[in-house]
Ligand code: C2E
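Below you will find one chain, with nothing else, as structure tokens; this is the form predicted on its own, and questions on how it binds or moves follow later.
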Amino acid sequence: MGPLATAATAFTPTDVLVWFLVTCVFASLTAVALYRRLSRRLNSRLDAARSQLDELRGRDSLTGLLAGPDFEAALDDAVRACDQGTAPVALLYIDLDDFRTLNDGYGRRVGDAVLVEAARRLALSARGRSVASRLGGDEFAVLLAADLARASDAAAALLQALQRPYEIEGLKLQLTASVGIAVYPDHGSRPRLLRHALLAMRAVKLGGGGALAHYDPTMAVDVREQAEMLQDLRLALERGELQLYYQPKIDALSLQVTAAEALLRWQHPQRGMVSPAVFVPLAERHGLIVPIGRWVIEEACRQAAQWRDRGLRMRMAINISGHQLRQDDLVSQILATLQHHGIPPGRFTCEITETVAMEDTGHTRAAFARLKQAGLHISIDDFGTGQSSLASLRRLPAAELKIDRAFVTDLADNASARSIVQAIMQMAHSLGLRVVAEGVETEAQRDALVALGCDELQGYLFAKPMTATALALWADRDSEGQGDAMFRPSLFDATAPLALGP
């Protein structure tokens, strides 16, 4: 028998069993040690997670600011402290203006990044002396111990912080904000404080945003009036209460009529003539501007066709809102209406405000491309009030700029206003754009604009907005030699080319 066989027989079954048991015990001890080590690590991570959850409890998941319930509790504590003789409590209600437009245009990821940055700026401003909260969407609140004067100063500082450009994913975005202020106990009891700050913020919104206001009892009445007016506005179209008035545009050299701008009016059965400055923002906020805009397009085209049938060929201009510009079927609707009434696209002007035109969003760029492809005449309205640059203007397929009336008002007496208007005209003409000045009310303004090289004028000096019938009668008298020879002869020539001259 060899040596290997002898060695093998040295291990008895008992030895093998003992070796197996020892191995099992060793493995068990190792497993227990490993389990304890993993358990300690897991418990440590769970403790950290619990700590984080405790820290985040009551916090907004996106911005990290205090969430609603905890903010309400902080407000309760501040009111109780005020009742015990400490400083008054001020509540600032903050809303980012036009955030929905930005969110729709650039997408939710960019919108969320803007909210996070806005929250960071609020938190920095609120550090150590106040509490900041996100109430939902693009609405925030800041709670601080302050009287109305100090609260107004704090609100002004917050506005300045929120209005700095937001640099997100290579974009430079500009936003304004509306701030409403309510102070306890001056502006109401604890249950009413948040609502009163909200009413003040909405009052700022109604005025165009980008400002602050403190609560006034009349604001609650305004809200009821707004609600009543909204209900009436929903029925205004079917009741035939909306009307178009027309204001002529005048050639600066010949002082003859070249076109007419359609201006929307609302003849309310009880309130009388309601200003578009009142009801148009209401229609935009509540989704009524699109159906109203469709009616304006149809009515303006119908009227232009009626004038044409009477022998008066006028270029027609309408105002297009930012909400309409974001509608995919806007251009197809305009073209279908023009075709139905036999009006060439080149004789139809779409006036779009500078603020809307400068929105560098996919919707805006696509809309302008479709307008250009359709051959429509595009005008940039209220120019000078926004943030246009030469580069951005070059990208727009516009045919003209309309200088905002704010620059025209001081033109005759203010050298700075003249310099601004001259610079706008030089820039526009270098790009091949015509320039229209609106709000011309004096001969001195007219003469200054003509001297500076303005192409067209519009304002009360020449004609106020009038009904279609009044304008047609004026043109008829002019064509018969009984008027002031304000209308170009070519406007009455049925054989003239469809495209109007400069």
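Keep in mind that what you see is a predicted model, and the values were worked out from it rather than measured. Residue positions are given as counts along the sequence shown, with the first one as 1.
Unshown form predicted together with the named molecule; subsequent notes refer to it.
- For the three residues 98, 209 and 359, a heavy atom within 4.5 Å of the named molecule turns up in the predicted complex in no case.
- This chain is displayed without the named molecule, yet in the predicted complex the stretch 314-322 from 161-169, 83-91, 314-322, 209-217 comes within 4.5 Å of it by heavy atoms.
- When you look in the predicted complex, the only residue of 193, 79, 296, 114 with a non-hydrogen atom within 4.5 Å of the named molecule is 296.
- The partner is absent here, but in the predicted complex a heavy atom of 263, alone among 230, 237, 399, 263, sits within 4.5 Å of the named molecule.
- In the predicted complex, at least one heavy atom of residue 381 sits within 4.5 Å of a heavy atom of the named molecule.
- Mapping the unseen interface onto this chain, residue 449 falls outside it, with no heavy atom inside 4.5 Å of the named molecule in the predicted complex.
- Not displayed here, the named molecule is approached by residue 275 to within 4.5 Å at the level of heavy atoms in the predicted complex.
- The closest heavy atom approach of residue 247 to the named molecule in the predicted complex falls within 4.5 Å.
- Although the named molecule is not shown here, in the predicted complex the stretch 138-156 places no heavy atom of any residue within 4.5 Å of it.
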